[in-house]
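A single chain comes next, written as structure tokens; it is the form predicted on its own.
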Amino acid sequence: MKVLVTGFEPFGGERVNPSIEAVKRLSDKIAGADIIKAEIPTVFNKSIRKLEKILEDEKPDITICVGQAGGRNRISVERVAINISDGRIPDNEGYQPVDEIIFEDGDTAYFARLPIKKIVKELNDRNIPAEVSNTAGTYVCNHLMYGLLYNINKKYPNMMGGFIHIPFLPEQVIDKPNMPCMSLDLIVEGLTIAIEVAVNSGQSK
């Protein structure tokens, strides 16, 4: 079995993005599955194009995209992606869409193709704060999640896939009083557990 895990480059003036830092530290094999790691640009449209190329080349059984959600205090496993991009800030190439449809022939929304509640339960059982989230926002994270699920719907019906948001790292909140954070070690552990649950769920189908 092959699992693709993606993280984003830094954006919004941050020097690091915990998503790609955590992805880079994942083991190359988890629960017997080969782990493919990739960095995605924090750019509307280009992010989906890069993901589509990797999906075509690697043909993973499971794809989990990971992104930073500053302000959240736990690992958030996303339930749904919506067919709209609305940037609160410009992306890394200066583009800031307003109420823009992602795919004209796409559904209004797609639900994650991951055992999201099993993942959250396993994380919480292992004392890692986690939750099911019902909004991935309208920035590049939702954009990429929607692109992934659109591609699964149109081209890869047997692929499992979804999106996980993670908090800031401690070094990112030094100048942000009262902002929650999570250590990189704990994030890596949490993503590893999420992958284990997804792989075991996929194997039991």
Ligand code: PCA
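Given the structure is predicted, the values throughout are model-derived calculations rather than measurements. Residue numbers here begin at 1 and follow the sequence given.
There is another form of the same protein, the form predicted together with pyroglutamic acid (PCA); it is not shown, and what comes next is about it.
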Sort through Tyr150, Phe168, Tyr139, Tyr156 and report the residue having a heavy atom within 4.5 Å of pyroglutamic acid (PCA) in the model of the complex.
Tyr139
Report the stretch among 63-71, 24-32, 174-182, 46-54 that approaches pyroglutamic acid (PCA) in the model of the complex to within 4.5 Å, counting heavy atoms only.
63-71
So which residues in 10-40, when you check pyroglutamic acid (PCA) in the model of the complex, have a heavy atom no farther than 4.5 Å from it?
Phe11, Asn17, Ser19
